[in-house]
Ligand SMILES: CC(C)(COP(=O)(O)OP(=O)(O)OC[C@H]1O[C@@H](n2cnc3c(N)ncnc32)[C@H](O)[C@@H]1OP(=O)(O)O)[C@@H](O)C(=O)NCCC(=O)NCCS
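Below you will find one chain, with nothing else, as structure tokens; this is the form predicted on its own, and questions on how it binds or moves follow later.
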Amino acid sequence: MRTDRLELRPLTPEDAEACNAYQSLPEITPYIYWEPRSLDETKAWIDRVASSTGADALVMIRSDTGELVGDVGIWSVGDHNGAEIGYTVHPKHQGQGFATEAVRVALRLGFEERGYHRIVARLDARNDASRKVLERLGLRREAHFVSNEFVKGEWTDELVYAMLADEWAQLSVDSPSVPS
């Protein structure tokens, strides 16, 4: 899968060092459940993701440099044909629109190829950059859960964003460039 600036391909064990280059950084984890990962922990994560059924885990590769800049995943949740998306981008590549491009591909994959009815994204309410990505792509905020998760020693708020398949289809009709 390609966008104008990215190639997205399945995550493989050979990606461990490149993924660990950002997963080991403390600045990447303030709004994520896990702490910075060792290389062995990143390898274990790749093994877990690769062996899970109902999941698509992709890495983002810059077309111009060949650098692995992040990952995006979509996985089946619940019994109602739903899925959840998540993504991480190396700090040196943040703020350049790569997450938006990759999540757009994950949405297209989920709705158009996997046939999901509903896709959600959950995030720490303090993560403004991630919130903006989701809003830019047309997901709607469905919930703001106050102080509902105890993460890294503190109670945090959680936001839930969602999109339905018919909303994606309408968005694709209204803006043909959206599902690139």
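Computed from a prediction, not measured in an experiment: that's the story for all the values here. Just count from 1 along the sequence shown to find any residue number.
From this point on, the text means the form predicted together with the ligand, which you will not see here.
Undergrad: Which of 150 to 158, 108 to 116, 26 to 34, 41 to 49 has heavy atoms within 4.5 Å of the ligand in the predicted complex?
TA: Only one stretch qualifies here: 26 to 34.
Undergrad: Could you tell me which one of R136, R126, R141, R62 places a heavy atom within 4.5 Å of the ligand in the predicted complex?
TA: Partner contact (heavy atom, 4.5 Å) among the options: R136.
Undergrad: Even though the ligand is not shown here, does G97 get within 4.5 Å of it in the predicted complex, heavy atoms only?
TA: Answer yes; at least one heavy atom of G97 falls within 4.5 Å of the ligand in the predicted complex.
Undergrad: Does at least one non-hydrogen atom of R2 fall within 4.5 angstroms of the ligand in the predicted complex?
TA: So R2 does not count as contacting the ligand.
Undergrad: At a 4.5 angstroms cut-off on non-hydrogen atoms, which residues of 42 to 72 are near the ligand in the predicted complex? List them in order.
TA: Residues within 4.5 Å: none in this stretch.
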